[in-house]
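Only one chain is given next, in structure tokens, and it is the form predicted alone.
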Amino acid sequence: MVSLLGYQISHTYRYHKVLKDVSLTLNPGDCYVLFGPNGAGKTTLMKILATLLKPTSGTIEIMGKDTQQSREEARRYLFFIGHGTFLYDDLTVTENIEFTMGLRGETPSFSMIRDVLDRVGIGPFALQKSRYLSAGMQRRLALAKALLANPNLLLLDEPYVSLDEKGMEMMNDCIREFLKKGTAVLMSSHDRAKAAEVASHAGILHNKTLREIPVKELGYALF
């Protein structure tokens, strides 16, 4: 089954058109990297695909579920890591994970939580309140949630932001793990070198439209 099907997605903010007839398809195990200049609409497209924003026109299916007709069902198949932390400052790292997973109807054990925290490098901070985490650690915590959620579709908006070199390598290792399990990954990025390490498909969002390019072109100027 196709993981993600987006067909002729368009979006307008008042009188300003941001996206025009954008279409893309992701199969299980695909990693599609989305590039484009600032303001090109990458985050808008991500939010639409994550069902956080309704498109002005177009259709989206996630695991065969139409996101406008069956939004809650479609959401069960995806996980979105965006620019915001979506953390509760007064909850510990572990409690934040338990809260997120509870919303998905899941109750991971403490050992499961500790395992994913160790894998992303923040195991020693399991009982620390999230307000004391650096931006990079918050990004690692978001990834730990995704590992536990084990979605069919993972949406990553600028996943390398706030991470050091070791953190970016860890991010790519986790992306490869998702791909091996059949998760489809759609990510936006400005880091062509890092993205090229995991990409199977690539496209440029520019002048409201999406143009697919060969992954081998990522070493050249894109726009």
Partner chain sequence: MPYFNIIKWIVWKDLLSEMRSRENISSLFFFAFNVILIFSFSFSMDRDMTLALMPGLIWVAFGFTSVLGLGKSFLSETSNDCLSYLRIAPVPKGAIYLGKLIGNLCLMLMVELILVPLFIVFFNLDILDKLLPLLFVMTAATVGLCALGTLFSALTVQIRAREVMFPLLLFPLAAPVFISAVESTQGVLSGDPFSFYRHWIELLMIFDLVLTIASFWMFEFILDD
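Numbering follows the first chain given and starts at 1. Note that this is a predicted model, so its numbers are computed, not measured.
Keep in mind the form predicted together with its partner chain is missing from the figure; the text below concerns it.
Although the partner is absent from this view, Arg104 contacts its partner chain in the model of the complex, with a non-hydrogen atom inside 4.5 angstroms. Mapping the unseen interface onto this chain, Met112 falls outside it, with no heavy atom inside 4.5 Å of its partner chain in the model of the complex. In the model of the complex, at least one heavy atom of Thr100 sits within 4.5 Å of a heavy atom of its partner chain. Contact annotation: Asp118 falls outside 4.5 Å of its partner chain in the model of the complex, judged by heavy atom distances. Across the options 170 to 178, 192 to 200, 25 to 33, 50 to 58, residues that bring heavy atoms within 4.5 Å of its partner chain in the model of the complex belong to 50 to 58.
Not one of Val185, Asn207 and Arg211 places a heavy atom within 4.5 Å of its partner chain in the model of the complex. Only one of the listed residues (Leu87, Leu133, Leu141, Leu147) places a non-hydrogen atom within 4.5 angstroms of its partner chain in the model of the complex, and that residue is Leu87. Residues from 68 to 87 that approach its partner chain in the model of the complex with a non-hydrogen atom closer than or equal to 4.5 Å are Arg71, Glu72, Arg75, Arg76, Phe80, Gly84, Thr85, Phe86, Leu87, in the order they occur in the chain.
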